[in-house]
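This document opens with one chain alone, in structure tokens, the form predicted on its own.
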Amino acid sequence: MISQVSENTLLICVAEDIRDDLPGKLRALCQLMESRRWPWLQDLVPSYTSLLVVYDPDQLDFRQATTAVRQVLEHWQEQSVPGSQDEPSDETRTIELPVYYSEESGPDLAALAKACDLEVDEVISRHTAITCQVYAMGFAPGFAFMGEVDPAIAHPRLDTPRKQVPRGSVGIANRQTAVYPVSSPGGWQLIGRCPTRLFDRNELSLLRIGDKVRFYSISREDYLERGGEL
């Protein structure tokens, strides 16, 4: 389903519910559109079940953009059929991210553990035991919405967001987890901090939709040696 969002954007909805296979398929759809090298295409923003297409309205209108996009969409749907000769290859990456879990780096760690009726070590153990998938990018450059965490450590956002969350902070919001790539306001439950830079002006975002991410625990000393800040 394609709908107009504004004078220079259209939205492609590919499903109604979140599925584990959608991030990889949406990434393939982006790659297919980028391969067309349309001069009017300005940006592609994939999300959980949709793809936002940003185009230059000085070069074409909504109907023309929709026609071009629909042709690619049909090709993508043919590729997505299991067993198809053109079925996209699995290019899923698994990225490991170190985290210094502590009350010093994660001001909500103890409170979250208490709210979940767990020991702090159990929260850390459950957060490092899972392999998350990047479902969407947004909010800030390089910010990846990942899921899903163990239900036992799922917890809502703070009632009042912080005005400033340090870069590298690792948070939980319901069944999702994320790392703040840059300092910004935020309301996720902070449980630690990651020294890895997730966004660089030259290299851009380390993570992309469909990536698998595993977290592992490091010491305070290791965190600082890797460039982490407290």
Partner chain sequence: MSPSAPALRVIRPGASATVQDTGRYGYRQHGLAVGGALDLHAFNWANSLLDNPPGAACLEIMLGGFQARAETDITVALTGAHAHIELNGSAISQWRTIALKAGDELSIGHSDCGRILYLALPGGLNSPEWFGSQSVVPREKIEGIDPISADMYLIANRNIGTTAHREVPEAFRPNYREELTLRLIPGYQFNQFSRDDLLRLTTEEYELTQQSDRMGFRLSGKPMKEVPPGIISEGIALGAVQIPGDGQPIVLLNDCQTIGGYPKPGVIASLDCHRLAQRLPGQTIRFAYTDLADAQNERRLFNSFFRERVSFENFEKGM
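Positions refer to the first chain, counted from 1. Because the structure is predicted, anything quoted here is derived from the model rather than measured.
Absent from the display: the form predicted in complex with its partner chain. The rest refers to it.
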| property | result |
| --- | --- |
| Contact test in the predicted complex: V5 vs its partner chain, heavy atoms, 4.5 Å | yes |
| Any non-hydrogen atom of L32 within 4.5 angstroms of its partner chain in the predicted complex | no |
| Its partner chain contact at G168 in the predicted complex, heavy atom, 4.5 Å | no |
| Proximity of P161 to its partner chain in the predicted complex, heavy atoms at 4.5 Å | no |
| Partner-proximal stretch of 114-122, 148-156, 99-107, 132-140 relative to its partner chain in the predicted complex, 4.5 angstroms, heavy atom | 132-140 |
| Sequence-ordered residues of 195-214 touching its partner chain in the predicted complex, heavy atom within 4.5 Å | R197, F199, R201, N202, L204, S205 |
